[in-house]
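Take a look at this single chain, the form predicted on its own, given in structure tokens.
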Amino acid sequence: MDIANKDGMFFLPPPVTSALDALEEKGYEAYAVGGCVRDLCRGVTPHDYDITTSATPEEVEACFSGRRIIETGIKHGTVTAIIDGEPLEITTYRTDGEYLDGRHPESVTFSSEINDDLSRRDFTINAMAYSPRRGLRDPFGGREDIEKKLVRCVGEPDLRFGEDGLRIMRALRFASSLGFEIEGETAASIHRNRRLLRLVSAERIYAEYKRLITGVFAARILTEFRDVMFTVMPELECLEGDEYENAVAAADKAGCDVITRTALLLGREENLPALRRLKPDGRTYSSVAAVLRHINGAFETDDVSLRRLLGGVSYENARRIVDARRARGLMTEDEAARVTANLNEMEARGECVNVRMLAVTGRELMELGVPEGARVGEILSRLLEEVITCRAENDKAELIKFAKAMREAQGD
């Protein structure tokens, strides 16, 4: 159902209507545009709103004189106005020049026609504009494609993807997250032009990949467009036999978490270079690597084994390991639920699982006369083992007593 009032008009937040009114009252056209209109037509409240207008950047600034203005991308026609504390990007209608690098137009030309601006956009579902005064502008059938659940290029697909190769990943991401099909000619063009992704920065591809892999309908897209995935992550092409299909199926059974699903898609540690080439942040990479180390082979789930596991991975990653093993059929649903609940209880109790959590420190051991260096680490590790196996409480006095006994036994 549309987020609309009884007259069929969409509800827009007050800052957006204020901005549209300010431009319209000066004689300019102004619309909410793009993804926010797509979401409104789907009956989903948008996370953010963009505005397009016939006013030039200088005219936009004049309309909002007295308000805070950020010249975000004024060279390309975008001004950010802060309205009631909300930043709104306001961009002049424009047409793009030639795309010589497969990503960015060499120039932009401002226009006075909304259709010129909408015609340069990627997909019909993103090429709609809405104004409370002027209604919905939908020259390419975006609303109908939403009803049909289709991702379709605006105009000729080869031209759209030739302008910006990242649109290939965006198409896959929209299909995965929205549950849409990719229209036939658009899909054929994606297969044909997938190598254009080699012109796109790894960081931009990864930003789309994250949203693709976590989509509810990711499995269908990963399967149908495996050639695109092999283009951006060529190591996956080396998966043998049914390995790729099995990896996709396992990822589909896991929760919608980028780390868990990526680990399952990669399948084994040798395929980590496929993720590294996408240049994720260090924390994501190390987390995927940690999960991969534990989703194959034996895995003990008794309390002592879990504490040892937690000495090397975070609670969050331990839960991901359990979810990944469940998704691969290496743990039953009941076993996974039990182990996850146990991990949650351990975390809530603040159980000691690494030397940093011991009630005694290395400095305190040196004050007892333990020589600085490897011997301190050795005793701390032994104390941790005593605590993990419940042979000692994580209590300073008790651990110091244990440490003294260890020194005496070693003749320190």
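When you see a residue number, it is the position in the sequence shown, counting from 1. Because the structure is a prediction, the values reported are computed rather than measured.
The same protein also has a form predicted in complex with adenosine-5'-triphosphate, omitted here; what follows describes it.
Remark: of stretches 30 to 38, 59 to 67, 347 to 355, 360 to 368, the one touching adenosine-5'-triphosphate in the predicted bound form is 30 to 38 (heavy atom within 4.5 Å). Although the partner is absent from this view, residue 50 contacts adenosine-5'-triphosphate in the predicted bound form, with a non-hydrogen atom inside 4.5 angstroms. Within 4.5 Å of any heavy atom of adenosine-5'-triphosphate in the predicted bound form lies no heavy atom of residue 286.
adenosine-5'-triphosphate in the predicted bound form is approached by residue 120, whose closest heavy atom lies within 4.5 angstroms of it. Contact check for residue 145: every heavy atom lies farther than 4.5 Å from adenosine-5'-triphosphate in the predicted bound form. When you look in the predicted bound form, the only residue of 326, 319, 152, 173 with a non-hydrogen atom within 4.5 Å of adenosine-5'-triphosphate is 173. Of the candidates 293, 211, 226, 277, 211 is the one whose heavy atoms come within 4.5 Å of adenosine-5'-triphosphate in the predicted bound form; the others do not. Taken together, 76, 111 and 116 are entirely out of contact with adenosine-5'-triphosphate in the predicted bound form: none brings a heavy atom within 4.5 Å.
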